[in-house]
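Shown here is one chain on its own, the form predicted on its own, set out as structure tokens.
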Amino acid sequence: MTMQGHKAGAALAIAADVRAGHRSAVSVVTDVIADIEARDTRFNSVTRILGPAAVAQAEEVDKAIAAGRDPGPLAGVPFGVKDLFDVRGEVTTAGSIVLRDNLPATRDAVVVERLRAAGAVPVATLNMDEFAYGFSTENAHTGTTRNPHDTARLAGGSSGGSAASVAAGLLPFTLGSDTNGSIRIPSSLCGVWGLKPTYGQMPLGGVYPFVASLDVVGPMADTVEDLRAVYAIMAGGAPVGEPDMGDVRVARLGGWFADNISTELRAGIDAVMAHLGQDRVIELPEVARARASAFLISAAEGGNLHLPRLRRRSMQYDPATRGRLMAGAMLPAATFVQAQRFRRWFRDHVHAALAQADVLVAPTTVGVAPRIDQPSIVVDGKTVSARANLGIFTQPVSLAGLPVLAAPLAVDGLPLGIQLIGAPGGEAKLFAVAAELQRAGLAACRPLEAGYARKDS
């Protein structure tokens, strides 16, 4: 493990400078747009730059400050959204040419609207697996997003553009969605902070759906402070408290969650638990069946959502997405019902485990990001597709609807990450553990040089 010094959150620092008049919102936004245009050709994280609209909103922020009005807690902070969030005036494609001829959105998604009201400025839409069905952000229409720490490797998915743009230093925070791990996996592979809130906590108005019974939206950022601030605004504005670490019980997940992980990742989790002074290990029952149930529920709900369009326009879908959706649409109803029954049983057992500990620590992936020319991982001695199997540790947790904070370990070399898993509504305790790991230098984001760090002359 590498000990790294803690730095202030980029988003909150930008907002403080803009509010104090040290920088203009317009200069921040134009610098970020220029930086994306200059550098994102290496990463392919951005699908669309919202230039004129972003500059116009930044001008309004500057006018508010000049007039003595409160511009909001995120005044002038640029951000990007996975291309399944509605942004007014733009077509929401969900990563597919199937939707490209739709009418532009007439209003923002609810969480985007809340961030705008707080002064933040959307400047880009971000790459993703088509219709959020994948863990790798390999997209036949928009291309593969590359990991900023090694552009020969995957960024993860399906919110790969959201994670890569933070890791590349292009944007201080972004929005993603998480059904089976789509915030947590790219956050870990790209080495950024990410949050999957409790299922049902975030409004999904204006977000293109995948699996209604699992879908959640959340933020990614370069520090815990930024992640907390953005999450609070997305959730409606109430500040997130932080309990004393002495009141937080932490345990690590064993069994399924201790198998198949790399030596470096195991060492990182050991260091985290040693620092926290916690040695309890908890095993969840029937985790393999939980993952299988998540697969079945996702395939069935996603397949049936897309079935009418697949009947008319199947050849316009990414081939990898098309086959999985069609297979899901043909699953027998009895199989779906059985998966949902098991889901209730598993959720009850996971909640019982959380009576023994407030936060559970688990790996996010088996190791570092796979190579783009070899998009596979090894599970139980077998080489399997990364696109379908990077969620080996995230899918079971999704099934229970729990909040999970993805923490980037402070390691040498390629990024590795862990999941901090809490009880429903237990986000504050997740933030407490994350802040402690950041303070101790055991977890840290390492973004490349950031264009938004420039100051006005």
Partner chain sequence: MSSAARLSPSAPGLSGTGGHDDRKVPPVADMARIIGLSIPVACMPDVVANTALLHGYADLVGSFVLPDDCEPAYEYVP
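Numbering follows the first chain given and starts at 1. Bear in mind that the values here come from a model prediction, so they are computed numbers and not experimental data.
Keep in mind that the form predicted together with its partner chain is not shown, yet the notes after this line are about it.
Highlighted residues Ala271, Asp279 and Val368: none comes within 4.5 Å of its partner chain in the predicted bound form, counting any heavy atom.
Out of the listed residues Thr151, Ser376, Gln338, Ser262, Gln338 is the one that sits within 4.5 Å of its partner chain in the predicted bound form by at least one heavy atom. The contact residue chosen from Arg116, Arg387, Arg343, Arg146 relative to its partner chain in the predicted bound form is Arg343, the criterion being a non-hydrogen atom within 4.5 angstroms. In the predicted bound form, its partner chain lies within 4.5 Å of some heavy atom of Leu296. Although the partner is absent here, Glu286 lies within 4.5 Å of its partner chain in the predicted bound form, judged by heavy atoms.
At a distance threshold of 4.5 angstroms between non-hydrogen atoms, Ala327 is in contact with its partner chain in the predicted bound form. At a distance threshold of 4.5 angstroms between non-hydrogen atoms, Asp247 is out of contact with its partner chain in the predicted bound form. Note on the interface: of 55 to 63, 428 to 436, 396 to 404, 40 to 48, the segment with non-hydrogen atoms within 4.5 angstroms of its partner chain in the predicted bound form is 396 to 404. Annotation for 14 to 35: no interface residues with its partner chain in the predicted bound form [heavy atom within 4.5 Å].
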